[in-house]
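There is one chain below, alone, in structure tokens, taken in the form predicted on its own.
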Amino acid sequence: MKKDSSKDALDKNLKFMVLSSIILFVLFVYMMLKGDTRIVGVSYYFGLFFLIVLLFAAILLRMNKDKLKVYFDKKRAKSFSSIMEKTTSPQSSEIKVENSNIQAQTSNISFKDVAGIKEVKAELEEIVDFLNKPERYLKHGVKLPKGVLLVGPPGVGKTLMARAVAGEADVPFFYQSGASFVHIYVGMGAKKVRELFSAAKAKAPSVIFIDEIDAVGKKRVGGSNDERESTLNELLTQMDGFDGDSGVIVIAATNKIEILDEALLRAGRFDRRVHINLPNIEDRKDILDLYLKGKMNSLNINELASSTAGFSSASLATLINESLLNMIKRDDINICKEDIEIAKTKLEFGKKENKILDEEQKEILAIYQASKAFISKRQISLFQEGVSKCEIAYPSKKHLIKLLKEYLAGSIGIDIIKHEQYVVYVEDLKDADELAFRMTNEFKMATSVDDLLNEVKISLRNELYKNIDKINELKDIMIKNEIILKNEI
């Protein structure tokens, strides 16, 4: 769906104009010199003069292409604004721009530069389409989501996806990190938020991206009026202050959605949440193909993708870069398996935050997720953390017991198959304890937390043991595909 940017199109047109002028000029001179008839009158000389002027004009335009690009961008912004004015009230079109040092960036990243995560790209494409063709949606009264929250672990490409949205739509991109709003003096962060939104509205259509929004968007505890809370209040106010048809989309990224203030997550602010998980095996193949494009190598991509379970897209980029450095040290021009292994060792011991799995660790995680998939009867991927919380307004005891089993299924499944206990996702165990506590003390569905948990564990152990062959089958599917689909359970 990617189109050439206006800058590239303008550059190509000017090159063609210069080339055409030169060809016409040479042909005209050639005909004059080789013609059999004598040139009479001024018409020929006028034609020659016209071609010279055309050639100089083409060269002059080519030299000032950047100024032309700015001019056409302004025309495009005015065109977008006129569409907005036809569909919004006069009050909403009045924008007050504060003096600010915040500058828009131009993103040259497209969806082609982001490998894998096809579902995420598909979800964001309609936002790109709105920014490109607002009239298509506004005539039906459809409004753009005010905010999109990208949720996922570090290094999975959240910032890259935001830049790709701006690049695909060819609109200004305003980048700020959550930490940049936190100042020592109260009021400075709120002022910066106002400046950011004023600048974005003035450049509409545009994209605001706030990285690590949890730095400023943590839950408010009450009773305090510090700088962070005043900044958060200003952010909430600004997001309420523009309509979904203003042409400004706010994209934020976090890997700690559980600590965000509820007011940020309510409808009308971050209307859409997009979860980006660690890449599965097919995604890693696409990512490796992208990073190895144009580089000589003797690698087996399928084997390399299989051996890099747990790598984020950023980790894979670092892996290839470290491999290239080692290749240069060897004074070679071809990346080989030895380079990859040396780079992998550097990553494993130099960056502890990377969840790099060997075959044994991958099997442990596969058993854990296979057991959880069997109990929940839902699609689960290898690196999918946690279990969906209870979203039923009036849950029954039977439903809550099933939820408890989902929390505990992974740990008990590993114990049954490996005959040993392993620590995998501690959050699942904490959630199980919390739910059992609420069922006992708040819902009065049990007399003892320990008795309830023991009862559920015994029932779960019997159910998994009777279906141990199916669990092993699902484990093999998980190891191979790194995902278990609902129809495979």
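Bear in mind that the values here come from a model prediction, so they are computed numbers and not experimental data. Each residue number is its position in the shown sequence, starting from 1.
Just so you know, the form predicted in complex with a small molecule exists too; it's not on screen, but the next bit is about it.
By the criterion of a heavy atom within 4.5 Å, residue 410 is excluded from the residues contacting the small molecule in the predicted bound form. Within this chain, residue 313 lines the site of the small molecule in the predicted bound form, having a heavy atom no more than 4.5 Å away.
Although the partner is absent from this view, residue 113 contacts the small molecule in the predicted bound form, with a non-hydrogen atom inside 4.5 angstroms.
By the criterion of a heavy atom within 4.5 Å, residue 157 is counted among the residues contacting the small molecule in the predicted bound form. Not one of 134, 171 and 199 comes within 4.5 Å of the small molecule in the predicted bound form, counting any heavy atom.
Proximity to the small molecule in the predicted bound form, taken as heavy atoms within 4.5 Å, picks out 290-298 from the listed stretches 290-298, 324-332, 363-371, 376-384. Only one of the listed residues (117, 149, 144, 309) places a non-hydrogen atom within 4.5 angstroms of the small molecule in the predicted bound form, and that residue is 117.
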